[in-house]
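Presented as structure tokens, the chain that follows is alone, the form predicted on its own.
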Amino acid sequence: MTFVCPDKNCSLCPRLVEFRSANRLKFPTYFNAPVPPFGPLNAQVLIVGLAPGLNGANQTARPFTNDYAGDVLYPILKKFGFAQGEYKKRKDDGFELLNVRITNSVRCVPPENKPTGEEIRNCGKFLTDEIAAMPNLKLILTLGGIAHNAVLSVLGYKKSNFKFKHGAVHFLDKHNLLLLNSYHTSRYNINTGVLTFEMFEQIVAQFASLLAQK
């Protein structure tokens, strides 16, 4: 199956279209379009975040790039051998992911970084197609409860049977996939101590161990 990214002028979500149009006027040098995933389709791990940040991925056209969340995520992935190169917060920095792909539940930047339930559902078909297009996929890491619920929804699982909890591992039997939960690597979570660098290192070490066993 071939994965197709949303069109740069995707019109599925009127509120996001309006916000995108305003940002194109306000930030004409930004990407200001649905942000493509990052990493190979033949990866065994898919990391699912929330949505592009206004001055992060919405600017750079790469998930978690030029965003505090990426300052946490990318160096730790590299530390555990899931990336190579130097992360310089821009799409052309030559930084590469190894056996990992990164995407978002919602591909367009939402106002105040808060997508609505309808917007998450509208974008779900792209997440469904992306998962189906990854032939070697073994594990999905969800960053935060919204991403966790989005994955369960697009794959057809009851959310009540798979409660989000940091460090929890769920088996999605219909797809033979592992679902691992982590708090999002956002600045807010780091600053408030909800998530620490050490805690996220443990998550990456955990999925590395799970891959070795699967």
Ligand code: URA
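Start at 1 and count along the sequence shown; that's the residue number. Note that the structure is a prediction, hence the values are computed from the model and not measured.
Beyond the structure shown, there is the form predicted together with the ligand, which is absent from this document and is the topic of what follows.
Annotated contacts: 140, 179 and 182 are all free of the ligand in the predicted bound form [non-hydrogen atom within 4.5 angstroms].
Using a 4.5 angstroms threshold between heavy atoms, residue 39 stays clear of the ligand in the predicted bound form. Residue 151 falls outside the set of residues with a heavy atom inside 4.5 Å of the ligand in the predicted bound form. The ligand is not shown here, and in the predicted bound form it never comes within 4.5 Å of any heavy atom of residue 146. Contact annotation: residue 69 falls within 4.5 Å of the ligand in the predicted bound form, judged by heavy atom distances. Partner contact region in the predicted bound form: 61-69, out of 26-34, 61-69, 152-160, 165-173, criterion any non-hydrogen atom within 4.5 Å of the ligand.
Shown here without the ligand, the chain has only 104 in 87-104 lying with a heavy atom within 4.5 Å of that partner in the predicted bound form.
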